[in-house]
Structures are given as structure tokens and as C-alpha cells.
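Okay, so here's just one chain, in C-alpha cells, the form predicted alone.
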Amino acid sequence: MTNKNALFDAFKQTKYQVAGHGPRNIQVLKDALENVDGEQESDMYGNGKIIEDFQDKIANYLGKESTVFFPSGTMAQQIALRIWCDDKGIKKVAYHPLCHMEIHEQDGLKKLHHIEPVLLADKDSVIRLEDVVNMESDVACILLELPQREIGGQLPDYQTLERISAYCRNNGIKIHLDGARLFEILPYYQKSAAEVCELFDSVYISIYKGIGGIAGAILAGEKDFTEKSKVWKRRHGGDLISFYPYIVSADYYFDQHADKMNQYYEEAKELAAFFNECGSVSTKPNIPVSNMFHVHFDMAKEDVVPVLLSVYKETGVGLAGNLQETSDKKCYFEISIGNKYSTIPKETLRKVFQMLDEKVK
């Protein structure tokens, strides 16, 4: 019987990995700090030049009046929706059935803030304008996640976003962007971050996903909104005495990676095409709309693991460290392209997928 950690262990030992920027080790912070003046003052409870300069920089990039740095996106987004519910006097918000708040946060929005979710759209599709128009409940806010991670990173077309935004504003509904992967979708939409964010009243972005920082999140909006969010951050225990390790790394890796999103997007499309040439393997979406997508096998997990172990051993290329079962006969994994993909020689990649095709048959 295969060790349950065998795939992860083998993946870590490969010379190349197709996803990500590299291992999340202490070197990530050391690289960010290498050229920082050791006498530079830290921030204190969210104040100070080091944090304020970064917040202003991101506010300008997003085209928003103000931003606040948070230790986590979970905290930032719950607070954003709480503010909109309090302002509106309605304790209901609408979002996708596979929204992060619904499936990954232990009902935090309900338990901590007593906010009731209204689920929009089928779980296997993105939210459409008709889903919003046909809501049966009054809500304070609608949350859109771009891209919709749990269904392979799918996106609505840009015209749909514009129409949903217009409908919400015409009907007094706030609209919030779960933009954990906002940077990654800009090449597909061919829009700037500011153009996308203009459609939303509040915006959350992740610092550690495509950007590759250590941890943290940004919440953006008008000044009145962000000032309220600071009060709630203190109430949540999120006002740490200093954030400077997160801020320094966030600033450093933003400059390193923000302009490479088009490269990652093009490489994701190339990699997905390799997978789709293999029998019993397909990607969702078939053609990625960002740097991330899901790889599905029409095979049982227990049959896929030895195939991948063999490929890793013979080629030195790691495709995934774990597999998720969707049924007894199907499984999948997620890929997000970063700096690592471009280091793999193309002839090595072709060998990987020729071998994968042969073995899954």
C-alpha cells in the first residue's frame, strides 16, 4: 500500500515543479529584507511610514481612495460585509455557493456577525446577471469572487461584471470584490486593476497568492469605509503591534511579480494544453482564464498516485503534491503558475506529458 504522504514527499524531492514561485521557506523573507535599512522604523498598531506608504501605493494601483493592511483575508472580508450590513440595516449578503466564506471559514460570518448568506447561482457555474436580478431576498451586499477558485478559476465576461455592478448601484446594493487573485485575471480581461475595481464598492486582495508575500491582505474602498474597517480590525484582534515583516515582503514581491501576470497566464494556457493532450485527463476550464486551473483525472485517486510517482521519478518534474477525490473514480488537483514553470526545459515537459499519456492509458 502506498504511504498516504508518498505523493507529497515525492513532489518535494523533484528537481522542477510546474506551479508556484518556489518553496515557502525562510529564504522568502531573507530575500525581501536583504537591501532594507536596518535602522528603518517599524510600524506601530497600523501606523507609521512603512505601512502607510505601502497602503498608499496599493490604493493608487487599485484606483481606490484608501486601503488598510489586514493579517488575513478571512478577517478583512468578514469585516467588509459587516460594515455594509450595518450601513444598510440588513443582515443578509449574497455570494456563490462555493464562496470561501461558505466552505472554508467555519461559519465565521454567521457565528461572529450574525449575517445570513443568500447563495447565488449553481455551484458549478459563475454568478450571472439573472441570478442577481432574480434574488428573492433583500441583501446589503453582493460578493463576487474573481476568479471562482473552486470551479477551476472560471470568470464571467467583463460585460456581465459591468451589468451586475450597474444593477447593484441602481438598486442600493453594495458590491464587494473577493480579489484574492485580482492581479492574475487582469491579462484575460485586458483591464487595469483600477478599471476592474471601479465596478466595486470595496475590494480585498491577497498579498501571498500570486504576489508571493509571506501573509496578509489589503482591504480597499472609500476613506469612510476603511476607517470603519480599522475599528473592526481592532475588535477582531487584528491590530498587531507591528506588521513590518509582512509589509516589507509584500512590497518587495509586489514589485517582483505584479508585472509578470501576463507571462503566468500565457504559460498556464500552454500547460493546460499539454494536460488536455493526455487520455483520461482534462482541465477546467479547458483554456485557463488566469494563471490557475484544475486538472481532472477520469481515474480513481488510488490509480493516479502511482502514475504520478512514476512520472516524478523518471523525469524529475512534479505536477502536484496532493489529489482531491470527486468520486470513487475521479480526482483532481489545482495548479497556479508562478516563477517555477519557466525554469523547466521544454523538452523535459514534452517527455513528462508523453509519459503521462502512456501511463494513464
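Here the structure is a predicted model, which means the values were calculated and not measured. Heads up: residue numbers just count along the shown sequence, starting at 1.
Same protein, other form: the form predicted together with another copy of the chain, not shown, and the subject of what follows.
- The partner is absent here; in the model of the complex, the one residue of 169, 235, 123, 223 having a heavy atom within 4.5 Å of another copy of the chain is 235.
- In summary, among the residues 192, 134, 106, 159, the only one with a non-hydrogen atom within 4.5 Å of another copy of the chain in the model of the complex is 106.
- Of the heavy atoms in residue 287, none are within 4.5 Å of another copy of the chain in the model of the complex.
- In the model of the complex, another copy of the chain sits within 4.5 Å of a heavy atom of residue 34.
- In the model of the complex, at least one heavy atom of residue 40 sits within 4.5 Å of a heavy atom of another copy of the chain.
- Within this chain, residue 333 is remote from the site of another copy of the chain in the model of the complex, having no heavy atom within 4.5 Å.
- Figure note: of the listed segments 207 to 215, 115 to 123, 261 to 269, 140 to 148, the one touching another copy of the chain in the model of the complex, with heavy atoms no more than 4.5 Å away, is 207 to 215.
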